[in-house]
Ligand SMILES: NC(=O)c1ccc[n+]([C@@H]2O[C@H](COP(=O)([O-])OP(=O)(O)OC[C@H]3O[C@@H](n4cnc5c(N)ncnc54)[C@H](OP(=O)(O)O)[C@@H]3O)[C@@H](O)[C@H]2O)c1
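Heads up, the chain below is alone and in the form predicted on its own; it's given as structure tokens.
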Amino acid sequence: MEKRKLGRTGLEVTTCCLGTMTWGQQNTEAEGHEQMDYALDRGINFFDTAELYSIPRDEKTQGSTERIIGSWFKDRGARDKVILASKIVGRTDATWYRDRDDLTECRMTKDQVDEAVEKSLTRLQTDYIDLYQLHWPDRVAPIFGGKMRKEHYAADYEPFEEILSHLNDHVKKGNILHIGLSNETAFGVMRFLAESDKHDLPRVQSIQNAYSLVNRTFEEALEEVCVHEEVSLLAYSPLAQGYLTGKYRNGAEPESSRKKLFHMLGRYEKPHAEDAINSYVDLAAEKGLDPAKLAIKFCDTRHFVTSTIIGATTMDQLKTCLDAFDMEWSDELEKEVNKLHARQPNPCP
């Protein structure tokens, strides 16, 4: 498995990152362990999790994924073989992440950052996290396909410098080695970089944003920022939550699918989305390719993508995803996907 540099850290991560968000609801502890064993055997050295996981978010299963990874580290003694990424939740009224009865919101204040880091370390059964990411901003921001309204700009938020300072306390302790962002904008990335330069605080090394054949909005502003500033893109949802595999075509809802179980995939059912998604599935069929492999390899071949995060609920799915990285990408495929993108750009931002 090819490796690429993570930001300016000196770390080299595999171009495939093992996503873990289903462990604890759709997948058992044993299944999570099996996936990690297989990924490690295939040469994967990069795992991604979050204090929020498993998904969909739920107070009863919050932290379950980190606990499954932690039990695997303990059983296998494999902590030194993995570059581990986790995340702290952004601003949310789901206060169950914190042990305080008087809390009305989770925020990125010092006390909450301290609590989040320490609890993740405990669940993960490790004394350090290689890459600690802000899952989404503390401020109101145009993320997850949303739009800003005038009043949003007046909302308070934890200053960029202060958030970096809170994280720096844990960098100094060795609890976290590097920091990253997720679901962030070009404005946010530049502000964090400016404050780290100005105050000699930890530098943002990565950004984990959605990127796929049907959501290439990263290319509009963030690509330029991240290439010039050497901030690595960790592309998540390369399969558009499964839609680009073709399994939801014509309204299908497989029994074990996330759509059937959780009814949470509206982002990929916007106007024009179905036609666009079908066009890529049809292209794969025309070329004799698995549509999942086509979608994943597209992400892998972008010059600004450091690692593509894959997720699977079955071993067959995991094997298909990993095999995608061995697929050849041709000039003809590049031309065809760009033609389809020009016809219906970003139907699922």
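These figures come from a predicted structure and were not determined experimentally. The first residue of the sequence shown is number 1, and the count goes up from there.
Quick note: we don't show the form predicted in complex with this ligand, though the next part is all about it.
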- Task: Would you point out which of 115-123, 196-204, 231-239, 88-96 contains residues with a non-hydrogen atom within 4.5 Å of this ligand in the model of the complex?
- Result: 231-239
- Item | Triplet 248, 257 and 292 all within 4.5 Å of this ligand in the model of the complex via a heavy atom | yes
- So in the model of the complex, does residue 311 come within 4.5 Å of this ligand, heavy atom to heavy atom? yes
- Is the gap between residue 170 and this ligand in the model of the complex 4.5 Å or less for some heavy atom pair? no
- Query: Heavy atom to heavy atom, is residue 321 within 4.5 Å of this ligand in the model of the complex?
  - Reply: yes
- Message: Please determine whether residue 22 contacts this ligand in the model of the complex, using a 4.5 Å cut-off between heavy atoms.
- Response: yes
- Query: What is the one choice in 64, 301, 45, 26 with a heavy atom within 4.5 Å of this ligand in the model of the complex?
  - Reply: 26
- Task: May I ask you to choose, among 109, 183, 217, 279, the residue with a heavy atom within 4.5 Å of this ligand in the model of the complex?
- Result: 183
- Item | Neighbours of this ligand in the model of the complex among 131-168 [non-hydrogen atom within 4.5 angstroms] | 135
